[in-house]
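Before any questions on how it binds or moves, here is one chain, the form predicted on its own, in structure tokens.
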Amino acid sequence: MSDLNEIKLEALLDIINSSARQAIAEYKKTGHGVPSTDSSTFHPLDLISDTLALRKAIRLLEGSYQQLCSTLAPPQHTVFSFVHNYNWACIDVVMRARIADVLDRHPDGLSVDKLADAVNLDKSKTAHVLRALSVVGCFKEVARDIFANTRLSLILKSTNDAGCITRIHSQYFSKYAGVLYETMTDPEYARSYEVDKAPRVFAFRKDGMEGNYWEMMRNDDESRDIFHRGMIGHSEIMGASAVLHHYPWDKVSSVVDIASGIGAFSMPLAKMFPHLRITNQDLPEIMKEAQNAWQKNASESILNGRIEFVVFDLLEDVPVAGKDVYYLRNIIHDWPDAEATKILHNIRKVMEPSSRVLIHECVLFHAFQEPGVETKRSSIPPEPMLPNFGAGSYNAFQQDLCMWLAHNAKARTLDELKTIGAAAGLVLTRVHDFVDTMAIEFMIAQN
């Protein structure tokens, strides 16, 4: 009779095999086969906005693979690997020196001598960086000391939106993370949940910087551009465009994009659903940038009168009244509970009985089985995987840490979202599972 632990490992192997085959099938559906490790071009599926089926397969694959490895590998090996990882520092070098941009002009590869000269870095140290990243398929050494781009390193080009959010994390969030323990023991910061007591603020003050990140951006055109493009890139990374394909927008007439930015969500929405009337709302300077972006990339939507731009302060103002859907992407997780509740309450004031609030962001689930959880989410992992998909939900838990580091806030569980919704007079009605994110639908609570 087989040992119970061995049976579990065999089950994990079956999940790895089946989920990998599901992913392969999704690539083959494009008619272009599967990608190769060292391909120097994107696969067509990399550029498609609706990859929900692929992402569901990868969630199973990553979760089961990591669970298998952490079971079989020596614990010393596994734990040390958590911290013995400096790829983020290497990527920071690559992005700030624009190494991928240079290699893009040499698809067959470029010697590290010429590459280092082109970016004004030391040859030997540049080779250190590229070899470390080549181990994980980001760049390839085609011959000794000759490097070329791969499908992964193309993301690190300065023209890539996903590369912008990658740069923000490597350049800034690494600093915030470096003071995390200090903020947890500092008398002023340790038990505060105020936004101005975030590790980000502590790190800036430690470096002698005045003001904050947002004030810095306001006075720096390049940083502001990187941030706005980074928000578009973050949506690509998290597969957020799934909401465009898997929410019933055909049954909706009007949408308000709360704290819209320059239109990372609303612009593709307007192009896909020309019947929608869309209101973008954000701070004055952002609305000015948004109008410029729309004039450049979607002027027809403005000319036909479907799009409006309304200045709005998230915590002080109520949004425009009487719309069908009030959409908030990656907004509620920026704020502690009191501010998050206030935001939702301001929306509740202007809703019609049929209006809906759609909160679209990462949602956390526990690694133990929660009673009744099956009624709240659409995807339950097969046993013996962890109930929250384990490493398959890696992005959600890392996003939770990012919100803490940057804003002293957090990603929330469904129950936590229900609680702040109820405090604002809203009731949760539906959950849409998009793998890395979820769209949580609320309506006015009936007394």
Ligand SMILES: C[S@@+](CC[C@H](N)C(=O)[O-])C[C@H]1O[C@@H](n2cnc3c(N)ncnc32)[C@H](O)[C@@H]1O
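In case it trips you up, residue 1 is the first one in the sequence shown, and so on. Since the structure is predicted, the reported quantities are computational estimates derived from the model, not experimental observations.
Keep in mind that the form predicted in complex with the named molecule is not shown, yet the notes after this line are about it.
- Considering the named molecule in the model of the complex, the lone stretch of 182-190, 119-127, 333-341, 75-83 in range is 333-341 [heavy atom distance within 4.5 Å].
- Interface residue remark: Asp282 is counted as part of the site for the named molecule in the model of the complex, having a heavy atom within 4.5 Å.
- The closest non-hydrogen atom of Asn149 lies beyond 4.5 Å of the named molecule in the model of the complex.
- Using a 4.5 Å cutoff between non-hydrogen atoms, Arg329 counts as a contact of the named molecule in the model of the complex.
- When contacts are judged by a 4.5 Å heavy atom cut-off, Val325 does not count as touching the named molecule in the model of the complex.
- Exactly one listed residue, out of Gly261, Pro319, Pro199, Gly163, brings a non-hydrogen atom to within 4.5 Å of the named molecule in the model of the complex: Gly261.
- Of the residues given (Val252, Ile237, Val350, Leu314), Leu314 alone sits with a heavy atom within 4.5 Å of the named molecule in the model of the complex.
- For the partner-free chain shown, Phe227, His228, Met231 of 218-239 come within 4.5 angstroms of the named molecule in the model of the complex, judged by any non-hydrogen atom.
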